[in-house]
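Next comes just one chain, in structure tokens: the form predicted on its own.
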């Protein structure tokens, strides 16, 4: 679990997820300059990790080519607190859920999938930014209880915080099940679960006064701190991994990750791993459900993934909502066990995305 040094970068491609671009093609930008603002509650803005020139902007990505080394001035955060600090942290690229009426704050230090070691490696190797982040996040939310979720038997430094041990069996490390383990209640009110990588981002921002420009990922079983927007092919190349024809590069782990559209696609803050899947077979296909019921038997949320994904496949998103698609915590087991190899998790994410877009349109109309 050794940490790799942060590499230099000649090209950055920043992924937009409900972000509004602030730059145009041909514009020169400083390292750390804000490129896009977030339109979703709790989402941080996006900044460039390199100084250079914007060469591409569309609804999904911004590409910057390196030129020069000038960067923005650090922000003095010491005098800020409460909502002023929260708003500034969002502006600096930290993803933080709304800080209102949080009674229980859970920092999830458990890696969700086998083979992803990002959180475990951060706990073992980066005490200083984590200590800054934990202190700041407790001050922001002022919860009655703050706890750090870790795997049973894990040996970690003393972070002066209450620990909650989580079972090793998948998917026990996913946020909803961690919240259940801490509170004893499914979907508890006034409870927030925040990933350890976000606490790391927060600690780095508080220490440096610069926006989120780097993010931790697992690559080939090791922790790497890479620039946000670093092309996935370059991330693998730094680890000595060369994709072959037919391989897939995945942002995340095997069960829950998203396939990169192109080798130039950049790593974003939500990616906890960059994984190469060698010549995957079978590949998921848009085929009909065979009605075996295997996904229903495997679903830990007690949903009917076969019906939900069928509704999503045919654009019946209201029906998917009625079938409680929002309850799904995206463990990926339905797709893993699907005998027809349907893209179950992708359909579920599509339905959630379309429902969120519909809600946003309704809010704008009001």
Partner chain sequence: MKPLNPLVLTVSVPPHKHYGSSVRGLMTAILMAMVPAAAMAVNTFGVDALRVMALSAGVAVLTEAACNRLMDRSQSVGDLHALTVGLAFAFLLPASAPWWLVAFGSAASIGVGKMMFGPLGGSPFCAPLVGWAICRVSWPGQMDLDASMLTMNLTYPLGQLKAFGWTSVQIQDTKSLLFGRQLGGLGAVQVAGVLIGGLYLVIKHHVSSIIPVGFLAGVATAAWLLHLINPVVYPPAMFHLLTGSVMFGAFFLATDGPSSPNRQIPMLLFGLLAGVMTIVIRVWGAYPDGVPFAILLANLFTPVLERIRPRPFGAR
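Source: prediction; values computed, not measured. Residue numbers count along the first chain shown, from 1.
What comes next is about the form predicted in complex with the partner chain, which does not appear here.
Here the marked residues 189, 288 and 300 all reach the partner chain in the predicted bound form, each with a heavy atom within 4.5 angstroms. Of the candidate stretches 199 to 207, 135 to 143, 288 to 296, 212 to 220, only 288 to 296 has residues with heavy atoms within 4.5 Å of the partner chain in the predicted bound form. Heavy atoms of residue 284 reach within 4.5 Å of the partner chain in the predicted bound form, making it an interface residue.
With a 4.5 Å cutoff on heavy atoms, residue 101 does not count as touching the partner chain in the predicted bound form; it lies far away. Although the partner is absent here, residue 264 lies within 4.5 Å of the partner chain in the predicted bound form, judged by heavy atoms. Although the partner is absent here, residue 248 sits close enough that one of its heavy atoms falls within 4.5 Å of the partner chain in the predicted bound form. This chain is displayed alone, yet in the predicted bound form one of 90, 260, 117, 166 has a heavy atom within 4.5 Å of the partner chain; that residue is 260.
Scanning 155 to 176 for heavy atoms within 4.5 Å of the partner chain in the predicted bound form gives just one residue, 176.
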